[in-house]
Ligand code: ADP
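Next comes just one chain, in structure tokens: the form predicted alone.
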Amino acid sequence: MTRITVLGSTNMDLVAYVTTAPRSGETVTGHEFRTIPGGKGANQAVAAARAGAEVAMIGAVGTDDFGRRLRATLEGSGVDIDLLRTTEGPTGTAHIVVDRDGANSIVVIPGANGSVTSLSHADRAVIAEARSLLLQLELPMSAVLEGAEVARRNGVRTILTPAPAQPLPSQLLAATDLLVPNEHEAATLTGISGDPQRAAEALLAQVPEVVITLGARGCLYASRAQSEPVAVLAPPVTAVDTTGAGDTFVGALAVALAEGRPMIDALTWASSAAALSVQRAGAATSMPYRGEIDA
């Protein structure tokens, strides 16, 4: 079975569903509230495990009930949590507002995630044994960079989701094989807004391959090995909640690539996984299993 390691965040998502998201200074009445296991790292781990990989999760939860629930969710999805630390204090939380179109806005409170500043010997060993390492930016940058460098030294493909959007150290970009930003993140990294193709081409100066996710419009793939970016369309669906869709896409993409599928086939398969996830509420709880994606 394909081995994937995820170094990333675990959060409890506190989700309010509203008709229209509030503007600055405005109060609105919602119609539903849920607490749902999430965090970009945990989301990608669950997505990859459900898509058929053997997945190890490196990160941290707190000593509260949220931490216990996150552990149970990951383990229940088949994720190896031996390297998921428990630290004194609260688990990370994400405060999410979802409107009637399924669009969301999010505030993340790091909590226990902030304690992961470096890797243990066991962490480094699990990364070295993987086919792919999935990284995001909800852990301290020191740990993210260390993970990427361990992967590079051991020939492990590093897939980086640059979220929350922020300038990236040159050392991290140098150790990244595939960068997967959304449109907003690509614009933050390049200063190019409203033109994903130009943004993708600019990012190729820093990494060998880029996939910019475009929501309902699919994604755009660019590589130093080809002359023009390639667009891959997403299946047309009615979105209920887009929370975790990008993480579903990345988790499924990592599995497909680790299995040796050609990039365009892998992107199509990952787009199908994301399209399934947005038709259900929540992040990790909405992610499809391999049989559903294949169908």
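Start at 1 with the first residue shown and count on from there. It should be emphasised that the depicted structure is a prediction, and the values quoted were computed from it without experimental measurement.
What follows is about the form predicted together with the named molecule, which we do not show.
Figure note: of the listed segments 30-38, 228-236, 54-62, 256-264, the one touching the named molecule in the predicted bound form, with heavy atoms no more than 4.5 Å away, is 228-236. Checked against the named molecule in the predicted bound form, the candidates 106, 103, 174, 214 yield a single residue with a heavy atom inside 4.5 Å, and that residue is 214. Remark: residue 70 does not count among the residues lining the named molecule in the predicted bound form, judged by a heavy atom distance of 4.5 Å or less. At a distance threshold of 4.5 angstroms between non-hydrogen atoms, residue 275 is in contact with the named molecule in the predicted bound form. For the chain shown alone, residue 162 is not a contact residue for the named molecule in the predicted bound form, no non-hydrogen atom being within 4.5 angstroms. Using a 4.5 Å cutoff between non-hydrogen atoms, residue 110 does not count as a contact of the named molecule in the predicted bound form. Residues in 94-125 all lack a heavy atom within 4.5 Å of the named molecule in the predicted bound form.
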